[in-house]
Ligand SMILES: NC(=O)c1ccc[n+]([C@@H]2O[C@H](COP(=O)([O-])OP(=O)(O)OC[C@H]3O[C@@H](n4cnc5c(N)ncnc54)[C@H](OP(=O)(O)O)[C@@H]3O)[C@@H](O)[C@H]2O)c1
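Single chain ahead, written as C-alpha cells, the form predicted on its own.
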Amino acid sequence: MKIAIAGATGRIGAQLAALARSQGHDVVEIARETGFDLLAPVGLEDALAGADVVVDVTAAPLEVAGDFFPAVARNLGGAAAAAGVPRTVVLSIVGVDRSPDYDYYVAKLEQEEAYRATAPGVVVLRATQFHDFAGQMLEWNTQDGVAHIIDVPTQPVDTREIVKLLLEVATGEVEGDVDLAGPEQENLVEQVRRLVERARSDVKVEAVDGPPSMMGGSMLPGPDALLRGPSWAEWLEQEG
C-alpha cells in the first residue's frame, strides 16, 4: 500500500513510517522537514496522488491547538478528497468528547469533526495518554522544588501499541473507529510520586485540581476500548 503520513517526522509518525516500511508499504512523509506546511497546503494534493490512505498524527502545543488542528484537518482532508484517497485515519485522544472544559481536547474534537466534514473514509483512533505522560507532567510542572500535578485518573498506553494499531487501521485489518488504552488504571499524582522516589529526587509532589471532567474520569477508556501492551509499571521497569 501507499501510505501518506502527516506528521511523519514526529514521535508517533516516525515510528509509524518505520513500521510501515518494515512491512513493505510505500510511505509518503508529510511534514515541515520534508517541505510541507499543512497550514498553507501547497502541493498536498500532488503528494497524495495514488495514496491508499492518509494518516494524520500531527501534534501542536496548547497555545495554538485551537487553530492548528481544525485547519490541518480541513486542508489535508480537502486535499485527500481531491486526490481520490479512499481512507483517512486520524489519531485523537480518549475523552475529547467528554472534556468541554479543557481547550486542547476541544481542539482535538473539532479536528475530528472537520475531518468528517471534508475527508474521505474517515476512521478515528482515540488513544489514552502515553506511558511517559507522568514524566512530562513532572518536567513541565516543577518549579522551585515543587511539582504541582493534577489529581486525575489515567490509563496510559505504550506508544508502540498506538503505532501498531494505527497501521492495522490504515491497512483495513481493523475497521471502524476504535479506542485504545493500556491494561491498568493509574492515578497521575501517584505515578509522579513514584518517578520522584525512583530518581531519589527531593522534589515535593503536590496534588492540585484539574479540569472537573478529567477529575471525574473523562481520560479513562470506555468498556469497548481495546486494551493492549504492558502496564505503566511494567513499562517503567523495562525502561530501566
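Residue positions are given as counts along the sequence shown, with the first one as 1. Note that the structure is a prediction, hence the values are computed from the model and not measured.
Beyond what is shown, the protein has a form predicted in complex with the named molecule; the following relates to that form.
- Annotation: in the predicted complex, residues T154, A225 and W232 none come within 4.5 Å of the named molecule through any heavy atom.
- Among residues of the shown chain, L38 is one whose heavy atoms approach the named molecule to within 4.5 Å in the predicted complex.
- Proximity of I93 to the named molecule in the predicted complex: non-hydrogen atoms within 4.5 Å are present.
- Although the partner is absent from this view, A31 contacts the named molecule in the predicted complex, with a non-hydrogen atom inside 4.5 angstroms.
- When the named molecule is considered in the predicted complex, S99 lies well away from it, no heavy atom lying within 4.5 Å.
- None of L188, M214, A51, V57 but one reaches within 4.5 angstroms of the named molecule in the predicted complex through a heavy atom, and that residue is V57.
- In summary, among the residues A127, A114, L138, A79, the only one with a non-hydrogen atom within 4.5 Å of the named molecule in the predicted complex is A127.
- The partner is not drawn, yet in the predicted complex one stretch among 128-136, 144-152, 81-89, 114-122 has residues with heavy atoms inside 4.5 Å of the named molecule: 128-136.
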